[in-house]
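A single chain comes next, written as structure tokens; it is the form predicted on its own.
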């Protein structure tokens, strides 16, 4: 039996982007995903496009999970969004604190994801399956690893059903994080987030922002390839496939891929893992 997989997209900005995402979804649909999630821009800046993408995915017969973030949002705005999703039969959400748009200082009515989770439960009961974020290598803004774990438990206690981790390239970081969670009585499924390696400059930028560590040996190898994209992606394919194999062998409940709206490398990883139908 294949492990469960899910895929994350960002809402496209152009007609060309919409068409490309449709083609990407069509290719990834062959892997029988549990759901497709769609991100939510800083401060809710992509709210309408997120909704459009989610409803199109749902119309294609797949479960769609919109991201929803509390930063810069009022309770009224969130309630309106929840009501809208309920009216369209959406049953799964990825609930995040979110990021402030550049230059903004207001945090709205929700300073933490746990507050948003609690609000959703208060207003909608058990209607939504709620996925939250987890950080095996510790959130970049956390005061300590122990403090970060406490914040994660607060989200779980507020009503989260499952968690998706930030990406990482060290399987031990994931397994140690899960073990620590279990010691704290956290029993929800924790699904590792997987970032394929498309481009070193882009990956380094993402990692600097989110606190995901690129191991020194891997960073140096990727830097050495420079503009040799074929060699870089070949190495990335080997590294990420090996990571996925270790995660699944170690008992991870599934894999959540950060697609960047691309399917090629993920399809290659899936084929190596034997996930194709």
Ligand code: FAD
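Positions refer to the first chain, counted from 1. These figures come from a predicted structure and were not determined experimentally.
As for the form predicted in complex with this ligand, it is not shown, yet the points below apply to it.
Residue contact check: residue 113 to this ligand in the predicted complex, 4.5 Å heavy atom: Contact with this ligand, yes.
Residue 92 within 4.5 Å of this ligand in the predicted complex, heavy atoms: No, residue 92 stays farther than 4.5 Å from this ligand in the predicted complex.
Partner contact for residue 73 in the predicted complex: this ligand, 4.5 angstroms, heavy atom: Residue-level check for residue 73: no, no contact with this ligand.
Residue contact check: residue 142 to this ligand in the predicted complex, 4.5 Å heavy atom: Yes - in the predicted complex, heavy atoms of residue 142 and this ligand come within 4.5 Å of each other.
Single option in 197, 181, 133, 81 placed near this ligand in the predicted complex, where near means a heavy atom within 4.5 Å: Selected residue: 133.
This ligand in the predicted complex reached by all of 174, 239 and 271, non-hydrogen atom within 4.5 Å: Checking in the predicted complex: none of 174, 239 and 271 is within 4.5 Å of this ligand.
Which of 121-129, 181-189, 165-173, 198-206 lines the interface with this ligand in the predicted complex (heavy atom within 4.5 Å): The contacting stretch here is 165-173.
Interface residues of 5-29 toward this ligand, as seen in the predicted complex [heavy atoms, 4.5 Å]: Sequence-ordered list has one entry, 8.
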